[in-house]
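For reference, the chain that follows is the form predicted alone, supplied as structure tokens.
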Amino acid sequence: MSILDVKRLSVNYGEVRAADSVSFSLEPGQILGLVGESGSGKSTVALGMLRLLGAPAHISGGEVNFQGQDILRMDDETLRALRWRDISVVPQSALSALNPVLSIGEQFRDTLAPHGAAHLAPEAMERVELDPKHLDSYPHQLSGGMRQRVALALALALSPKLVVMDEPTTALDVVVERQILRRVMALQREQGFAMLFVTHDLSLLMDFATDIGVMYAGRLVELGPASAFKAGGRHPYTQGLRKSIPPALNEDREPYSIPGAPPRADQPPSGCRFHPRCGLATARCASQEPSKDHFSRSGQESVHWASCWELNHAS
């Protein structure tokens, strides 16, 4: 049974639709990676579904069912009780997310005290391999990697069922990024929480995600098991992202970039939104929104789909 069902979620910034009818589900223990270029709508989906976006953002349609309850229709008190205890977020920039004038310990107390769990702060710090003595420190006294571990400790302190990570390692160097991700994965295996991981780095997701969704111009264009993406993916945009991964030192191929640029959110193309950049596009692609083609795996019910008129040629 799914722990989270997002159905046709649409999010607007004023009159501009940044996420358009996005649907996916998460099972307990599943790790779904959401990937796409900057401006594709992936963070808007992740934060919008939890009602964490301020004005001028607003939900313009859809449902977000968490364990049978629609988050978008919850009253404030119910939603407040749900946050941190059952659903938590690790933000993109811990320096911005942490209050610079409060010690780390004070921020733990502010977060955990309403749930009667302020005493868990030292244990939460140790869980992410930080010395509890840093509860007396202020954010500016910690390195970027340490601040991100603090954000992770806050997110996991109450053992939530769902953790949303919004590009949590973007500002970190590669070595620190891998250290933190290894710790995240160890904690995920230990606690069994479901995870939605937002990033622009497809190669990163292929290392640990169980499933991957690809966002383009506000829409989810492909969704399936990570193994399908390691094989190259189905949608032409996915294949472009796959080829854009820098070649390894022993790999004999030229660097590649997808031609053109993503469309403006306030001026999306007609039909398939990727068609102006797609080498397979036809007249139908420019005029009609593509349907979803499904693919089966190991003879089981279809678990992988992509939206493209030219899939037979793209694959």
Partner chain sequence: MKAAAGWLARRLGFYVIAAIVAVVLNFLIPRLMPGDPASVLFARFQGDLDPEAIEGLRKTFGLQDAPLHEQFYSYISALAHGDLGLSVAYFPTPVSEVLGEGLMWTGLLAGGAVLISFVLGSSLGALAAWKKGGPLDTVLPPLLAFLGAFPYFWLAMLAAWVFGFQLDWFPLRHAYADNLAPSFSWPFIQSVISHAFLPALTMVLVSLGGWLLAMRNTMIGVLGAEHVRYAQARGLTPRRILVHYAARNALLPNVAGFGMALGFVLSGALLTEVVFSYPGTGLLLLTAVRGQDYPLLQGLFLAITFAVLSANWLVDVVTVALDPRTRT
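Note that the coordinates shown come from a computational prediction; the quantities given were computed from them, not determined experimentally. Positions refer to the first chain, counted from 1.
Absent from the display: the form predicted in complex with the partner chain. The rest refers to it.
Visitor: Work out which of the listed stretches, 229-237, 139-147, 173-181, 207-215, brings a heavy atom within 4.5 angstroms of the partner chain in the predicted bound form.
Guide: Among the listed stretches, the partner-contacting one is 139-147.
Visitor: Let me know the one among 78, 244, 191, 99 whose heavy atoms come within 4.5 Å of the partner chain in the predicted bound form, would you?
Guide: Going through each option in turn, the one that passes is 99.
Visitor: Only one of 125, 89, 196, 221 gets a heavy atom within 4.5 Å of the partner chain in the predicted bound form. Which one?
Guide: Contact with the partner chain in the predicted bound form is made by 89 alone.
Visitor: Within 4.5 Å, heavy atoms only: does residue 134 come near the partner chain in the predicted bound form?
Guide: No, residue 134 sits far enough from the partner chain in the predicted bound form that none of its heavy atoms falls within 4.5 Å.
Visitor: Using heavy atoms and a 4.5 Å limit, would one call residue 151 a contact residue for the partner chain in the predicted bound form?
Guide: Residue 151: yes, in contact with the partner chain in the predicted bound form.
Visitor: Would residue 280 count as touching the partner chain in the predicted bound form under a 4.5 Å heavy atom rule?
Guide: Output for residue 280 is no: heavy atoms all beyond 4.5 Å of the partner chain.
Visitor: Can you tell me whether residue 53 touches the partner chain? I mean in the predicted bound form, with a 4.5 angstroms heavy atom cut-off.
Guide: Yes, contact at 4.5 Å.
Visitor: Considering only 110-131, what residues come within 4.5 Å of the partner chain in the predicted bound form, judged by heavy atoms?
Guide: If the 4.5 Å heavy-atom criterion is applied to the partner chain in the predicted bound form, 110-131 yields 110, 111.
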